[in-house]
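Coming up is one lone chain in structure tokens, specifically the form predicted alone.
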């Protein structure tokens, strides 16, 4: 059986490697900013012109970043290629490029399978999928990767918590979880706007709501799986305010609706 390709010098020289980004969108820009500000990456970074405003901003802010109009020029010079285009663009973009067998391709496009990536990017053999979220710009949040990638873990851990996934069924579950981001922000915004509407200054309302949600989220980090499922119950006192909100939302079917939307995301992603 063919031995897997591993960059033996990666651990020692990772900060000087050459990294390419194809598709400079919100997540792509956040990833590069996280690496260059919160991490210790000192290698060259090559980014595509699209979107031009983001790539231009990155090149202006960091001397290490160079912008290229041709994606093939990025591939030619990179040891690690990050793919961050829209799902419907992936096949056309990859099929139009020539990869080397010794490169690493990391797709942060949530819906394209490893098999499709391998078919389109042949002869590249080290192919991975990841789903970083915008907070990686600040060096926080999860960075799931499938399959496990020891040769990338040190690099990715600089911008978040690496979650190694054994197969694409696990990856699909994580992809569904990643769709909760806008919902979370809406809960924070609703809390703040209600307090503002009922007399609190807008700045104070925003500070309170965001600080409270940050503290609550932080308290979940050390919880084991069983404890996590019971945290909501620990907030309750009989007839109390938290009980009223929790039980009210349960009675209205809000949490059932949320799970239904998660099923819908799963079904949508399963079509790829």
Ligand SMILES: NC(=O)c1ccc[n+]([C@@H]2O[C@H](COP(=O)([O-])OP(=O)(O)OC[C@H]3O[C@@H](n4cnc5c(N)ncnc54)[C@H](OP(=O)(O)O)[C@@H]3O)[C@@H](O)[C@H]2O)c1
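Positions refer to the first chain, counted from 1. The structure displayed is predicted, hence computed values, not measured ones.
Another form, the form predicted in complex with this ligand, is not on view; read the next lines as being about it.
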Exercise. Does residue 57 reach this ligand in the model of the complex, with heavy atoms at most 4.5 Å apart?
Worked result: no
Exercise. In the model of the complex, does residue 101 have a heavy atom within 4.5 Å of this ligand?
Worked result: no
Exercise. Just to confirm, residue 242 within 4.5 Å of this ligand in the model of the complex by heavy atoms?
Worked result: no
Problem set entry | Exercise: residue 118 in contact with this ligand in the model of the complex, heavy atom 4.5 Å | no
Exercise. This ligand isn't shown here, but in the model of the complex which of 187, 179, 93, 202 has a heavy atom within 4.5 Å of it?
Worked result: 93
Exercise. Tell me, which of 77, 164, 191, 89 has a heavy atom within 4.5 angstroms of this ligand in the model of the complex?
Worked result: 89
Seminar exercise, completed: For this ligand in the model of the complex, the stretch among 118-126, 193-201, 144-152, 104-112 with residues bearing a heavy atom within 4.5 Å is 104-112
Problem set entry | Contacts with this ligand in the model of the complex, stretch 35-62 (heavy atom within 4.5 Å) | 48, 50, 51
